[in-house]
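First comes one chain, alone, set out as structure tokens in the form predicted on its own.
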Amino acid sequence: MSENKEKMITVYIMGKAYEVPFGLTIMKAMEYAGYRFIRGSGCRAGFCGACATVYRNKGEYKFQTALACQATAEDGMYLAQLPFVPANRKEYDIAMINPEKNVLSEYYPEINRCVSCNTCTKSCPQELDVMYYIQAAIRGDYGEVSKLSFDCIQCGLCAARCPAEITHYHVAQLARRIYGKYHLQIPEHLLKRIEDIDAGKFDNEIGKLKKMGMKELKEEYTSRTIEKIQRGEVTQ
């Protein structure tokens, strides 16, 4: 065992000190300390956005934000789990929206209070240009908002830190829906795949999967070429 793995660090969870092994993610450090995740935990190793966390490093006064499954726990770190930000989403019927108007400002007028402080961008664990897509939303540029927000996981950290009380991810979601419905053409390959499904091309394969047990399904999944590439067993 290496020296780093033997090293213990101190983290503070909800104000209480705990000794945890060096090198753990924030989520694993909290679990090692006995914290049980009932809420605020999803995929545990990807980008689902469920484990939004606020922390403060030793000797620093600024709050930092991260996903607990991604960031590494550090000695002297003060941790606090956040529930999902209770940001209200406006009700709308996408089929009744006029795509020629800037309805983003209509449904979310708070975007016009943006002071360009860039706190939202600094809070984003995906490193998205959140402030820039809000500026695009103010202009009614659905395409730019959709492009810049495409990888948003809706963790809520931007909204939690915004002094203008903007719910950035809801604004972006509406923009992507409008852009997808009214401004993008349905790609030919998608139309072809729908035809294949309607024609029953995949019925036998789906039927085979439905009859498999859990062990067989796992073996089938891990034997896929994409999984082998990720494990380094084959090259592209």
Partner chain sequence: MKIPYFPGCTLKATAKSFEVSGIAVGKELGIEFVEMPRWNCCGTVYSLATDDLMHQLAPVRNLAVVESDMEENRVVSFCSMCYNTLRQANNLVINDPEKLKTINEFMDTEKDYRGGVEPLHLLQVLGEVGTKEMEKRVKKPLTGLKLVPYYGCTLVRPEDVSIDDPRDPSIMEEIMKAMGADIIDIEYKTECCGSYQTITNRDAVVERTRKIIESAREAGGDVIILSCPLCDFNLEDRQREVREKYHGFIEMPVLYFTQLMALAMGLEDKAGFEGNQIDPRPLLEERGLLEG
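Residue numbers count along the first chain shown, from 1. This one's a predicted model, so the numbers in the text were calculated from it and none came from an experiment.
The next section is about a form of this same protein that is not shown, the form predicted in complex with its partner chain.
Contact check for Lys122: a non-hydrogen atom falls within 4.5 Å of its partner chain in the predicted complex. Interface residue remark: Met131 is counted as part of the site for its partner chain in the predicted complex, having a heavy atom within 4.5 Å. By the criterion of a heavy atom within 4.5 Å, Arg89 is excluded from the residues contacting its partner chain in the predicted complex.
Its partner chain is not drawn, but in the predicted complex it has a heavy atom within 4.5 Å of Cys114.
Interface residue among Pro99, Gly143, Gly76, Pro163 relative to its partner chain in the predicted complex, by the heavy atom within 4.5 Å criterion: Pro163. Shown without its partner, the chain has no residue in segment 183-208 with a non-hydrogen atom within 4.5 angstroms of its partner chain in the predicted complex.
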